[in-house]
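Encoded as structure tokens, the following chain is the form predicted alone, with no partner shown.
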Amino acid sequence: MVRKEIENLLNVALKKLGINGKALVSFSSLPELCDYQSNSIFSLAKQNGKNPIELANQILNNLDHSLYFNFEVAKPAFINIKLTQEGYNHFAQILFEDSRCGVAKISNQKVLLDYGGANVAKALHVGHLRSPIIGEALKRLYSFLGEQVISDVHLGDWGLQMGLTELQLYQDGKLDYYFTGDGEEPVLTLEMLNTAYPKASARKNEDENFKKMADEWTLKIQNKEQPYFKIYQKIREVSVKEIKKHYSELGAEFDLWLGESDADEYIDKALDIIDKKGLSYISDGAVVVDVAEEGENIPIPKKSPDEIQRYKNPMPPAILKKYNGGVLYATTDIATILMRNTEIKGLNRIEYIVDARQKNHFIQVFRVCKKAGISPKDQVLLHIGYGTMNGSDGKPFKTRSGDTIKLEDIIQMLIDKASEKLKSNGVQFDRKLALQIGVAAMKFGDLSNNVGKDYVFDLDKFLSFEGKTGPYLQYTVCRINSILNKTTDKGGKIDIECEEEQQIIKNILKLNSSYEIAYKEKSLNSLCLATYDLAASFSTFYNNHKILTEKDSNKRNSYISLLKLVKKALTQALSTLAIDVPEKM
């Protein structure tokens, strides 16, 4: 809002001077000198054959008068801008009166977000955390900035794990009823699935015959043969119920609860489209499509920064059908894109929030879809790959025995740790409050890192009520609530007088800019940092000023309005990050 107003003033002056080009403005890198700065004069002078310092002064001499800004030229040719007293008051009042605290909508595209991606028949574990955390925040960010967003959990429910689980249950004597009709239909439980799948998964690596049988069993499920398909539906029902419970506790909400199986009817259609385009061929009995591009080499990850960069063979072909006719993840993902573009009209983007290690898979899928015309030319297909969540040893977060930690255990750990913190503050056990605080700690700890980077999961650090943490931000809002609940003053016109108040307004303006940065970078870390900076500047103001006991009623009501503005800006940002704010802590 402010930056664009400054740019408009500068560009009007440039037009008066007959200068081609636009001046850009950014927040100052030296806030002790000014609030904003323009570094565009050098390039503008070069383009127009002018001396930079002379051009900067000419621009200032041709500026329209403004009550809200002071401009000055700094060598070698910077234009520094400070908000005036009138400027702070003017923009503070606009922010206060605006329902969105001055955050503009920037896009009206239609987007499908694919995140969550839990596998049916498998217990959710720590590896399933980042996708719903990042995906939910991006969904809310996109929606807040004006886009029409459709979220799909895209369950993994059509792969080998289904055949493995069923076959193991069958061999354990749990499914006799479905094949003989004798006795009563068994009740399939989550505990049975959590036992059967790990057992079967281990067996397939040691017993080639068992692996082959599981492949055949999977194919029967995919062909909807009975009773295999009926058993599959029972397993899916039990598993999805548990998945919904855990995602709900994490605050992840989905418009669509579809899975790979829902795209089954589109598989033959997709394969037919690909075949008619002359893209597919048979290799060792499998149906494949070449996706490597000319001159392409795939870099091998370096073990150290000093190691020479080496390359492996170009992108291998995408396998769409196995030798036995079974389909793979690539096939169902391609069919899913066809289904989405058939059933949901006008999708500008389809984005996948999936582990960065799946990069090559998505390159293959996207290239096949573009080559076959399954995805329109102007549609963006994007894989937002996230790094791993590591323990203090820098390795993927696991139990001391080396086992992968289940998601339900992580959630319980969050509740227990948050309860300890609350107890030390004299608060009795409250599961809902502990869950809110624990989940906020984990989410902020995750989202404050760049999405593509690995990070260390340090729950003790994340749960601190001080510093750059989710609980600190929640506590800041609760502190403001406590102050507002103690007064009958409704607030009045905001009058920014001191440096602490000025810093609050500047940090709200920076917070507003961070939404667009997060949108462009597809990462929430800039929004997290800006939210913390605002909370920290409020705390400085709170510690240095008596609010409720201020004797000057105009000043007191100005403070109250400022508090309401800070609360609205913080709550808006936390809501975008999918972090709940308790009424009190």
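Computed from a predicted structure; not experimentally measured. Note that residue numbering follows the sequence shown and begins at 1.
Missing here is the form predicted together with a small molecule; even so, the following discussion is about that form.
This chain is drawn without the small molecule; in the model of the complex, the residue among Phe144, Tyr455, Tyr88, Phe362 with a heavy atom within 4.5 Å of it is Phe362.
Here is the short version: of Lys139, Lys443, Lys506, His128, the single residue with a heavy atom within 4.5 Å of the small molecule in the model of the complex is His128.
Heavy atoms within 4.5 Å of the small molecule in the model of the complex are found in exactly one of 113-121, 318-326, 423-431, 179-187, that being 113-121. The shortest heavy atom separation between Thr342 and the small molecule in the model of the complex exceeds 4.5 Å.
Interface membership of Gly385, defined by any non-hydrogen atom within 4.5 Å of the small molecule in the model of the complex, is ruled out. Within 4.5 Å of any heavy atom of the small molecule in the model of the complex lies no heavy atom of Tyr197. The small molecule in the model of the complex is approached by Tyr352, whose closest heavy atom lies within 4.5 angstroms of it.
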